[in-house]
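For reference, the chain that follows is the form predicted on its own, supplied as structure tokens.
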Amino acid sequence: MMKKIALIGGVYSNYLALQETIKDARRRGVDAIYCLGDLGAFGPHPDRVFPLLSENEIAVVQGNYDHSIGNDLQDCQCGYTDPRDNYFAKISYDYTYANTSGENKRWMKALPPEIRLEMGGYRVLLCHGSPRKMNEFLWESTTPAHFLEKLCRDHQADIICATHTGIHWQVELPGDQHFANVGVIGRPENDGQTHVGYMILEVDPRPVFRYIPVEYDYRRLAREMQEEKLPEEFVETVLTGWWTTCLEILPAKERIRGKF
């Protein structure tokens, strides 16, 4: 029975961070590694992600990006409403779609929208945005506990783990239920730091979440992004740790922590 798992959110084509995350998780003795989706977007060379997932037997939940790319849709279904955010999302999506092989598109199309497992008697549900909607944004400052309790109840889970927002957080709910946003490894968390991070969930005997920062060669990633002519706004985020795009989706408390 598994007691300790690694949970990776949004890869966003950052194969360099994925390599380091896998190494770190293995060093920490996890029983398995799971990825909660959004393999492409933002970064360069999306096809470099897939061999790492396959070679390390990482099970993957289908994110909105994976669903869109796999089904040949016109956009990422990211859930943005601001025109500027959608402008950059379109650039990112078109690049990722054009640089993802047909084989990998078909593989993403077949990914499951959720993964369920049991850890020490706890029912664990892994999803992308939320169990009810793949591209739902759940923020620490605006998501009430009673809503998360309802998600657990409606979806028969004691622990729900998601990603999608790009910023990690977790909360213990009444009745020994738990929700965690595991963050992403594709880009920094809008905190002025260049590292990324993932989460470890350990159940022994009760659930404990630990957020693990991961250092990687972000300067190399920035160079490759520039070589691929991705937006300088994306490159700036990698080099500074501050978001320059996707800002309008942030609630007030999350946005005020950033630079812009």
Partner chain sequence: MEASPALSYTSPPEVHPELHLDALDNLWFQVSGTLCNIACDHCFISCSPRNHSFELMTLAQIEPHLEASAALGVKEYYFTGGEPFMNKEMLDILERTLRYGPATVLTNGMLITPAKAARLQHLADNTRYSLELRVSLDGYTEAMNDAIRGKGVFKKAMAGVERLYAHGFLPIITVTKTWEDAEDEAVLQGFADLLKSHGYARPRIKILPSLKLGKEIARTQGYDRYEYVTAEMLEEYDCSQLICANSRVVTNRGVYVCPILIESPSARLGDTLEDAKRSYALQEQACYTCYLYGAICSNFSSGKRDA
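What you see is a predicted model; the values in this text were computed from it and never measured. Numbering follows the first chain given and starts at 1.
One more form of this protein should be noted, the form predicted together with its partner chain, which is absent from this view; the next part is about it.
Practice item. Using the partner position in the predicted bound form, report whether F137 sits within 4.5 Å of its partner chain, counting heavy atoms only. Key: Result yes; F137 sits at the interface with its partner chain in the predicted bound form.
**Study point:** Interface membership of T142, its partner chain in the predicted bound form, 4.5 Å heavy atom rule
**Key:** Although its partner chain is absent here, T142 would touch it in the predicted bound form, with heavy atoms inside 4.5 Å.
Practice item. Please check if K133 has a heavy atom lying within 4.5 Å of any heavy atom of its partner chain in the predicted bound form. Key: K133: yes, in contact with its partner chain in the predicted bound form.
Exercise for review: Considering only heavy atoms, tell me if L250 and its partner chain come within 4.5 Å of each other in the predicted bound form.
Suggested key: Close contact exists here: in the predicted bound form, L250 approaches its partner chain to within 4.5 Å, heavy atoms only.
Practice item. Have a look at K90, R153, R116, R106 for me and say which one sits with a heavy atom within 4.5 Å of its partner chain in the predicted bound form. Key: Exactly one residue meets the criterion: R153.
Point to revise | Segment assignment from 74-82, 118-126, 93-101, 180-188: heavy atom within 4.5 Å of its partner chain in the predicted bound form | key: Of the stretches listed, the one contacting the partner is 74-82.
Review point. If you look in the predicted bound form, which residues in 227-247 sit within 4.5 Å of its partner chain (heavy atoms)?
Key: Sequence-ordered list: E236, T244, L247.
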